[in-house]
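The chain below stands alone, shown as structure tokens; this is the form predicted alone.
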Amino acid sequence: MNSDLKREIIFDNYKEPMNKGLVEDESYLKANTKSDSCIDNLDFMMKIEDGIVKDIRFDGEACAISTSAASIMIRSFIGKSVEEVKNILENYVAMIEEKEYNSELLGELNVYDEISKQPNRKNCALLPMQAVEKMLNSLK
């Protein structure tokens, strides 16, 4: 994927993020994630039925990287099993941390494959994933 296409995907998901806005529904898992070093502060909600992610929503204030990562993540996770989501999460984190990963699993999340060139942005790309991990860990 070339740099121009990556920037376009990130910008489109920042300007018009998927599922931005929370709902009043107690059946959703909830988590907050925020940065210690910038304005990023996002609330997430995830609905899981029969082991399948049915919906993920988010709201809050965040930079282009965190907002777009949340949007792309949501599109990547809805309709997947909990185990599939965990596998994508593991591979995404490995990519951000410059470790071996399966790029085929990540789809559009591959737009962040060079984020390590800007180390201060790695946290921005990881924040939405941390919220999903918190919600999945609460299932145990």
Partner chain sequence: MNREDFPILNNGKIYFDNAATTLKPKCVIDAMDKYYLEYTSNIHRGDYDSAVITNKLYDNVRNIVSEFINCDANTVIYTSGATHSLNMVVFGFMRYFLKPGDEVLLNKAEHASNILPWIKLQEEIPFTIKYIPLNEDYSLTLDNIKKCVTLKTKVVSLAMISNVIGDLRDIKSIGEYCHQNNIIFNVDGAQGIPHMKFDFKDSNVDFLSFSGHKMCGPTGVGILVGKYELLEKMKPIMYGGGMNSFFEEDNSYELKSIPTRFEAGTPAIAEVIGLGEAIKYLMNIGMDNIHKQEINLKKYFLEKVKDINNIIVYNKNINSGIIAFNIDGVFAQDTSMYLNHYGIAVRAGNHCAKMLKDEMNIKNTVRISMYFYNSFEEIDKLIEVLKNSKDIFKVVL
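Note that the structure is a prediction, hence the values are computed from the model and not measured. Positions refer to the first chain, counted from 1.
Omitted from view is the form predicted together with its partner chain, to which the following refers.
Trainee: What I'd like checked is whether Tyr28, Glu84 and Ser138 together line its partner chain in the predicted bound form, meaning each has a non-hydrogen atom within 4.5 Å of it.
Mentor: No, because Tyr28, Glu84 and Ser138 lack any heavy atom that approaches its partner chain to within 4.5 Å in the predicted bound form.
Trainee: Exactly one residue in Ile88, Ile96, Leu109, Ile65 has a non-hydrogen atom within 4.5 Å of its partner chain in the predicted bound form; which is it?
Mentor: Comparing distances to its partner chain in the predicted bound form, the residue within 4.5 Å is Ile65.
Trainee: Can any non-hydrogen atom of Lys117 be found within 4.5 angstroms of its partner chain in the predicted bound form?
Mentor: Outside the cut-off, so no.
Trainee: Give a yes/no on whether Glu104 approaches its partner chain to within 4.5 Å in the predicted bound form, heavy atoms considered.
Mentor: Taking the distances in the predicted bound form, the answer for Glu104 is no, it never comes within 4.5 Å of its partner chain.
Trainee: Just to confirm, Arg121 within 4.5 Å of its partner chain in the predicted bound form by heavy atoms?
Mentor: Answer yes; at least one heavy atom of Arg121 falls within 4.5 Å of its partner chain in the predicted bound form.
Trainee: Considering non-hydrogen atoms and a 4.5 Å limit, does its partner chain approach Met129 in the predicted bound form?
Mentor: Met129 lies outside the contact set for its partner chain.
Trainee: Can you tell me which bits of 2 to 22 touch its partner chain in the predicted bound form, meaning any heavy atom within 4.5 Å?
Mentor: Result: Arg7, Ile10, Phe11, Tyr14, Lys15.
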